[in-house]
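We begin with a single chain expressed as structure tokens, specifically the form predicted alone.
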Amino acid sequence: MSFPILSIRKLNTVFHTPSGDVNALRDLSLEVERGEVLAIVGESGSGKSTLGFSILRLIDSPGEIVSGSITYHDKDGDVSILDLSLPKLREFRWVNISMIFQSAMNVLNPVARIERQFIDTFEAHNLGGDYQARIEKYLQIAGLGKQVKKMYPHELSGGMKQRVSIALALSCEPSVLIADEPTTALDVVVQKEILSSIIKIKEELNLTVMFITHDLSVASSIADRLAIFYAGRPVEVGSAEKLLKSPQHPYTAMLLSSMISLNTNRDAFLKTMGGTPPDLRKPIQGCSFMSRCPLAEPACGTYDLSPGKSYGEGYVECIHPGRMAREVEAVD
């Protein structure tokens, strides 16, 4: 892959709190390739959702994007998202990049018919044409019948509400879709249906998808590439196939060792990860995973993360990529 649609460089997003500034994103750099599904994976507080909100400049006070750049590579030229005026930003959102929010089933207006919520979106972006045909088109793409447009949110199941949210996110025909935990609070059968719908829609509309999740098994079923997040930045990025077979970072290896499957030995113990993530209110020297890594050494505390290390088309922030990850797999 060599045609990024999004380039993020040295992005820093901070939340100002009474107990200190929380550095939610720390010098984060990442590229999103055109036409791919990039899964952003990490535990709670790792910065996954903050990245999605930062891309669309939806960070509210006490949060603030303090530095860095986010560039959208449009066919007509590059767009610096952080430099857009508010009117231009409103035009840009949903037409170029849209987002399915976490627990999106709860963001629908409870007193407006689904049809009205689509029309409000079209009018906000000055979209012309046949509104009814467009509504029915995207409801159908999301796996819903046209009769849904006349219904209120309370008349829909959780899975149907999520599909409406997907249809709304697609209705302005964006190039990039950010899906923030889109299967949260859904049962496993509906989760599978939603994931299948996203893949189908991605192929039909030639979308680029950023899929944000804490569930590595879900990410592995949908993604072309994985970006493993820890303490506000990606510690490993690579193709899903290679990363799952041969993790290069100890954190990735430990995440994989904690997964279970139908093939897992019934007598095997579920491996867990000790310790807690670092306090993002405090400066972090060297590797942020050092305090939890069973194979850490003094040099990890002075390791310069800024350039990272490349392997093939991948990237890893570790002083001994690969070797340490393999050793972690053998640690009980």
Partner chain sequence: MITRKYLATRTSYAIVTAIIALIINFLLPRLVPGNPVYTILLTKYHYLPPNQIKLLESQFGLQNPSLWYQFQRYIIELFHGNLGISYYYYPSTVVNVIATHLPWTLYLLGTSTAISSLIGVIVGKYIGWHSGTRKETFVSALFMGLTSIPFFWIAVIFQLVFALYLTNLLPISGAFSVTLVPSFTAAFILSVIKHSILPIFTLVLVSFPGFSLTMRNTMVNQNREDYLTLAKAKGIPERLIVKNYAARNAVLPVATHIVLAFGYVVAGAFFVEVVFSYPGIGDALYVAVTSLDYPLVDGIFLMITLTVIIANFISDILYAYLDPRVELR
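Remember, it's a predicted structure, so these values are computed and weren't measured experimentally. Positions refer to the first chain, counted from 1.
If you look for the form predicted together with its partner chain, you will not find it shown, but the lines that follow are about it.
- [ ] Could you confirm whether residue 154 comes within 4.5 Å of its partner chain in the predicted bound form, counting heavy atoms only?
- [x] Within the cut-off, so yes.
Task: Partner proximity in the predicted bound form: residue 125 to its partner chain, non-hydrogen atom cutoff 4.5 Å - done: Result yes; residue 125 sits at the interface with its partner chain in the predicted bound form.
TODO: Look up in the predicted bound form whether residue 93 has a non-hydrogen atom within 4.5 angstroms of its partner chain, and give yes or no.
DONE: Yes.
Open item on the list: Is residue 129 near its partner chain? Define near as a heavy atom within 4.5 Å, in the predicted bound form.
Closed with: Judged by the heavy-atom cut-off of 4.5 Å, residue 129 is well away from its partner chain in the predicted bound form.
TODO: Name the stretch, out of 131-139, 94-102, 215-223, 239-247, where some heavy atom lies within 4.5 Å of its partner chain in the predicted bound form.
DONE: Checking each option against the 4.5 Å cut-off leaves 94-102.
Task: The single option of 83, 120, 74, 187 touching its partner chain in the predicted bound form, heavy atom within 4.5 Å - done: Here the answer is residue option 120.
- [ ] Could you spot which one of 144, 253, 108, 176 gets a heavy atom to within 4.5 Å of its partner chain in the predicted bound form?
- [x] None of the other options qualify; the answer is 108.
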